[in-house]
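First, one chain by itself: the form predicted on its own, in C-alpha cells.
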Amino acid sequence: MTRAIVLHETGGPENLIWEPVEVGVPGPGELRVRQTAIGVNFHDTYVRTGLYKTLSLPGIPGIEAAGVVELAGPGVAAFVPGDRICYVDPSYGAYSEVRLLPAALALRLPDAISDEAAASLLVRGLTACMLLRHTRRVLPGETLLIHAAAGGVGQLLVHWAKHLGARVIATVGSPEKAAIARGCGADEVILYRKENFVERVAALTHGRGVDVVYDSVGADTFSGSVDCLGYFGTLVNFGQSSGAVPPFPVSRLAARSNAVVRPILFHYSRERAARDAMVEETFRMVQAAVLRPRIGLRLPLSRAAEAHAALESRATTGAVILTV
C-alpha cells in the first residue's frame, strides 16, 4: 500500500482526500515510479472543481511529477530501476507517493536539473515553449503584453520573450509582484488594480497596440486584452484563473484584423516527435539559464488542499510543488 490524494467528488480544496491506495507491479510497457516532487497547476484546480470533467471519479488528480523508476515492466528497454524521470500525463494520477506510468510518457531527467526544478517547470516550461515558439512564433522587436507576469508561467514567458528579443509589458497585482516581473526582465510593469491596463498599453505603445497578448486570467482581462491588440495582433488565451470568458462578437476582431487562439498543451504534444522537440528546447533553455525555475510554495503531498487554496487565492508567486 501507498498513499495518494484522491478526489471522490468535485468541489473545494477540502475534497482532496489523503488516503491509502494500492499500486501493483508494472504491466507491459509500464514503469512503477517512486515520486519525489509533483507540480501543482491551475489545470488541477479546474479538474477538482468540475470545470474540467476529464477525471473519472474517484480518481487521483495531477498531471506532472518527477521521480525515480522502481520497476520496469515487460517490454520496457529504455528505463531501468534507479533512472530519474519526469513526465506530463494527460490521464492524471500524479498526486501519489508511488504510481504506475506508461513508459512512453517518461522523460529522462538531465543530471543538471533537480527533481523539484523539473516538477516546477515541466508543464509551465512546455507551455511557454508552445506559446512563444508554436502558437504564435515571437519575433525580435515585437511588443508583447503578458498578464499575471509574476506567476509560474508568467515568469518563464517574460524570461524567454526577452531572450527572443521582444519588448515585454507585464501586468501584476501588487508592488511585490511588480518587482518579480522586473527581475525577470519586463520592460514595463502595470499594476492592474491601480491602473487601467488598456489605457497604459495605449500610452506605452503610442496607440499602436501590441503584437501579442498572453492571457491566462480569462474573464477579468479578456475584453481589455482585445482592446490592447495592434493591427494583425493575436490574443492567446491559455487559462481562466478569474473565470470562463463569456461569449463575444467575432466582429470585434475586425477593428484591426485580429485573431484569438485557445491552445491546449496536450494537443501540441500529442505526437511523440513534437513533444520530445519541445522538451529538448525547454531543457536547453533551463540549462542555459534563460528559464530559471522559481518555487514560490513547497508543501508535502498530504497538504495538497492547502496548495490548491493558495494557488486559487493568487497569493503565490512562482511555482507550487508538492514533495514526497
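The numbering used is simple: start at 1 and walk along the sequence shown. Note that the coordinates shown come from a computational prediction; the quantities given were computed from them, not determined experimentally.
The same protein also exists as the form predicted in complex with a small molecule; that form is not shown, yet it is the one meant from here on.
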Q.
Check for me whether the small molecule, as it appears in the model of the complex, comes within 4.5 angstroms of all of Pro13, Tyr95 and Ser302 - heavy atoms only.
A. no
Q) Looking at the partner-bound form in the model of the complex, is Val226 within 4.5 Å of the small molecule by any heavy atom? A) no
Q: Decide whether Ala255 counts as a contact residue for the small molecule in the model of the complex under a heavy atom distance cut-off of 4.5 Å.
A: no
Q. In the model of the complex, does Glu312 have a heavy atom within 4.5 Å of the small molecule?
A. yes
Q | Contact test in the model of the complex: Phe42 vs the small molecule, heavy atoms, 4.5 Å | A | yes
Q) Pick from 77 to 85, 106 to 114, 144 to 152, 194 to 202: which stretch has non-hydrogen atoms within 4.5 Å of the small molecule in the model of the complex? A) 144 to 152
Q: Tell me, out of Ala72, Cys129, Val123, Leu101, which residue has a non-hydrogen atom within 4.5 angstroms of the small molecule in the model of the complex.
A: Val123
Q) Since exactly one of Ala289, Ile264, Val261, Leu57 fits, which has a heavy atom within 4.5 Å of the small molecule in the model of the complex? A) Ile264
